[in-house]
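Here you get one chain, nothing else, as structure tokens; it is the form predicted on its own.
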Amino acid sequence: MKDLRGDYRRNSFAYRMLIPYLILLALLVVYPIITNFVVSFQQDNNWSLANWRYLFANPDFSKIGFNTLIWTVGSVTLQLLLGCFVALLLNQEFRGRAFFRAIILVLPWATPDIVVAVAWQWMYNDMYGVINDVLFKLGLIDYYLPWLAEPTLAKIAVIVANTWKGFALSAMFYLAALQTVPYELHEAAVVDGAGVFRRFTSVTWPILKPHVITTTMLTTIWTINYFPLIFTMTGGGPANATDTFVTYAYRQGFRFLEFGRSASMSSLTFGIILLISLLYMTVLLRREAE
């Protein structure tokens, strides 16, 4: 009985210590979400579905949704692949490994978003940008391309810039997982005659697989919500070619002062992210049950 009382006191103290955090979480997260959802159903201080009807009836909605899908899938795929490749390279033994890890992994992630966006905007400049200059001198293009003025090129440009900004996170997750792979397993695979690809699929990939699921979920959520890079580089243009859910919501709310329409798009984005999170939790719980 004495032990039970002691456990109760310790648990009670722990729960009381959580109360300030829960209050702060409610004020900073729960309250804005609920308020935003309520505003999306208001029009001229009356309850209405006008904002949601406008959202889905807007001829640009399908285009913005497609842009968001391309932006998210392209960025996440390239970040995961590049992150995995870089992690495998940085996991090798070579001189100056710690220095290169710090530069390659920390620099992109630590650089402020606006600085990254402006730097890539200058590099993509169609008159004096370094990207056009390098491609032209290599003979890969015959004329300087208007990267941020042509719809298809603008999509590619922002995805490449976002890949450089975000691949370091995936690489850090993968590199941390690779550190847990016993070196003896690779030695045994080499003795058995396994090549590089065979060692990756049989030894490395089983260790990386759980981290791929987590990294994919986190990267997808951050990419859908990522605003500064697109808004700074293209503003959603040209002709809404790079407009996503978040840039549309920002423009509706802070440029046109249509806060109800902005709130409806924000609520839709939150619902999509919530579904992705629930799907991830379902997969994670299923894997733990197995």
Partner chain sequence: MRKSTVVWTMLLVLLLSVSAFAQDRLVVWVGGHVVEQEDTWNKIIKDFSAATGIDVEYRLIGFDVYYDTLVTAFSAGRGPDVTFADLGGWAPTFAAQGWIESLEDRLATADVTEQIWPNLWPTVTYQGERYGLPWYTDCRVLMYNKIMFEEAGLDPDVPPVTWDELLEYAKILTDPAKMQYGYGVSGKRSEVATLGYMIFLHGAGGELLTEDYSKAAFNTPEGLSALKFYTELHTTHKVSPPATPSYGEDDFRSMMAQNRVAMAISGPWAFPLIEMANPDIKGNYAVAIHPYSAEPASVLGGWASVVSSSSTKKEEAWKFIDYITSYDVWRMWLERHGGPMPSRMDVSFDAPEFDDPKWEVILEAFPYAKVRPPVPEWPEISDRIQNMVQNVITGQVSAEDAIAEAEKEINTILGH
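Positions refer to the first chain, counted from 1. Worth saying up front: this structure is predicted, and the values here are computed from it rather than measured. Here, rigid core means the biggest group of C-alpha atoms that superpose within 1.5 Å across both forms.
Separately, the form predicted in complex with the partner chain exists; it is not shown, and the next lines address it.
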Worksheet item: Is Pro151 close to the partner chain in the predicted bound form, meaning a heavy atom pair under 4.5 Å apart or at it?
Response: yes
Q | Proximity of Asn225 to the partner chain in the predicted bound form, heavy atoms at 4.5 Å | A | no
Would you check, heavy atoms only and a 4.5 Å threshold, whether Asn240 touches the partner chain in the predicted bound form? yes
query: With the partner left out of view, is Trp52 within 4.5 angstroms of the partner chain in the predicted bound form by any non-hydrogen atom?
result: no
In this chain shown alone, the residue from Phe66, Phe56, Phe254, Tyr31 with a heavy atom within 4.5 Å of the partner chain in the predicted bound form is Phe254
Picking from Tyr144, Phe85, Phe200, Trp109, the single residue whose non-hydrogen atoms come within 4.5 angstroms of the partner chain in the predicted bound form is Tyr144
Requested in this report: Check, residue by residue, if Phe37, Ser40 and Asp113 all come within 4.5 Å of the partner chain in the predicted bound form, counting heavy atoms only.
Outcome: no
Counting only non-hydrogen atoms, the one stretch of 41-49, 66-74, 23-31, 244-252 within 4.5 angstroms of the partner chain in the predicted bound form is 244-252
**Message:** Once you overlay the rigid core, does the Cα of Met17 travel 2 Å or further between this form and the one not shown?
**Reply:** yes
